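Before any questions on binding or motion, here is one chain by itself as structure tokens, the form predicted alone.
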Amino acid sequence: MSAVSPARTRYDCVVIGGGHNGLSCAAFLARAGRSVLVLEASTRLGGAAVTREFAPGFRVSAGAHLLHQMSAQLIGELELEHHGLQWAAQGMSTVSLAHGAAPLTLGPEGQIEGQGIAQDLRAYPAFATQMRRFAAALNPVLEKTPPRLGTDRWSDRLNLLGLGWRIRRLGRRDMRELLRIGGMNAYDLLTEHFSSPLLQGALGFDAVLGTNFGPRSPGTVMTLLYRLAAQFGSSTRGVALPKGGLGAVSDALAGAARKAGAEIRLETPVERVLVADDRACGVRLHSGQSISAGAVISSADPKASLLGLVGAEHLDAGFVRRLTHLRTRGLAAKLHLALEDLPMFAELPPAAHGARLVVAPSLNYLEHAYNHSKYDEYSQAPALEITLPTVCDPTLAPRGKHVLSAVVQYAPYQVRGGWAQERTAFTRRIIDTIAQFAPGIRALIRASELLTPQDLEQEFRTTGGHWHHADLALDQFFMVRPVPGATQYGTPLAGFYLCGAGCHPGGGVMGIAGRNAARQVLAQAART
């Protein structure tokens, strides 16, 4: 942790929150010559991208557990590998599991392996190629500040023209197809192309992972394209596992920020954003100390930032209403298991245990899992993304032991009966689901931890415990993310900016929102 003189009370920029986007923002601001202070309430940096011990000797990526969306450009610009970022695995395959059926394997470059689905084996490469073309056209959208509608600024007009040109360059056939499917639901698209329930389920899972949607929900093709577009610019050839867990990514970002000159304080929660003459002018800490700044940038979620730290009294009533209705309730839980040995998944060769394992055997399975959440119930047959990170990175557990990490869909923020009463039953339900594929796993469990959306909210200070700070949906995406009036990383309060996952381009460990916000802060300073 960088030493900060208590006498210093003025900085060019104060960044609230030391998550990956906050650290990215701080690094780029400091590289531009600004004096930067990062204030993190927790004892560790990284936000939800953190590695921590959950049982004696067993460490796990507590929130996000795989990296697949951080761009090669950002990693190169901040020299993250020079700051210690290493890879335990890259280009990981996805293995889709179904009870009583042979697994299906999807490779990072459009490869597919499976049994009894000859027609789909022939159809999938063409589908994957087309989706990659769409991803290539959309990827630059994620890397740039979205244009603002209804302005006369040429930068906004050129941005829109650039988007139209990239889509037009796809050619007439692909352009029409992209426009046709953009607002579709994943169920209709995937049943149109494939007949194998296992293949449909594996692809449909990526369309709903971390969302408040089922595969029949409108717009889920857009969330699938979003994931693919972010992956297209990744340096990791698809899904990757950082050595040391996702906390290693945050540590590397912190190293880049410190090298650039940013100062970082841990265990320093911010109580309030200070406002003078209708402009953010600094922050007041829980300790009572005030720090002044020319710009305040928050990597917290939009509701916590604007309603909590700024306060509704400094905002227009219409804007507050829009922000209040921003959908921020999480629907994904996280299960961690400390294991005495490597569990054996039936019909899966030992080498494949280091892959990304998915339990979503059909689109109907996913839809039924989602249905429970509509009635404040957890899924009786949950969909899972499972990793055994110790297969590739033994440093996360004692010698010969293993860790299992699983993202669980669907777990509503509020469950009937309350999580205090239902936690044990849901944990048992998830383990029962895993045991269908790894029958001996119960005997291997030394310790378990279940993080519900309420736990994620408390641990990572994210309103609603939402992985992406706010739903990725057509009405909360791109030019209207998080809400009109707070796009392009600025807010109605001059001098106050957002740089977290609630901004464009959204969730996932990317760091792009932080970088883009830094550019906006610098651009605004140049104009004033």
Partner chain sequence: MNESNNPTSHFRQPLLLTPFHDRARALSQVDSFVPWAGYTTVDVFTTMEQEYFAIRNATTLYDLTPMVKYRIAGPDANRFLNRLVTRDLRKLKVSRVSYCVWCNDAGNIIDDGTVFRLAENEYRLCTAERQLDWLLDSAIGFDVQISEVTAEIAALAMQGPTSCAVLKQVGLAGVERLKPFEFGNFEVAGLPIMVSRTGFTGDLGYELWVDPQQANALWDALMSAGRSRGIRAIGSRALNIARIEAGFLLPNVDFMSAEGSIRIGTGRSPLELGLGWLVDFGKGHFTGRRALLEQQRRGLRRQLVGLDIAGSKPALNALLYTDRTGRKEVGSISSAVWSPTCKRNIALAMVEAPHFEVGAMVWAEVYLNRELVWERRMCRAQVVEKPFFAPERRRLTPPADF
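Positions refer to the first chain, counted from 1. All values reported here derive from a predicted model rather than from experimental measurement.
This protein has a second form, the form predicted together with the partner chain, left out of what is shown; the following refers to that one.
Colleague: Answer for residue 314 alone: is it within 4.5 Å of the partner chain in the predicted bound form, judged on heavy atom distances?
Modeller: Within the cut-off, so yes.
Colleague: I'd like to know if residue 278 sits close to the partner chain in the predicted bound form, meaning any non-hydrogen atom pair within 4.5 angstroms.
Modeller: It does: once the partner chain is placed as it appears in the predicted bound form, residue 278 has a heavy atom within 4.5 Å of it.
Colleague: My question is simply whether residue 85 lines the interface with the partner chain in the predicted bound form - judged by any non-hydrogen atom within 4.5 Å.
Modeller: The answer is no: residue 85 has no heavy atom within 4.5 Å of the partner chain.
Colleague: Is it the case that residue 320, even though its partner is missing from this view, gets within 4.5 Å of the partner chain in the predicted bound form, heavy atoms only?
Modeller: Looking in the predicted bound form, residue contacts with the partner chain include residue 320, since a heavy atom lies within 4.5 Å.
Colleague: Just one of 287, 424, 119, 324 has a heavy atom within 4.5 Å of the partner chain in the predicted bound form. Which one?
Modeller: Contact residue from the list: 324.
Colleague: Among 493, 473, 66, 480, which has any heavy atom within 4.5 Å of the partner chain in the predicted bound form?
Modeller: Checked against the cut-off, the match is 493.
Colleague: Since the chain is shown here on its own, which stretch among 350-358, 108-116, 306-314, 450-458 would lie within 4.5 Å of the partner chain in the predicted bound form, judged by heavy atoms?
Modeller: This holds for exactly one stretch, 306-314.
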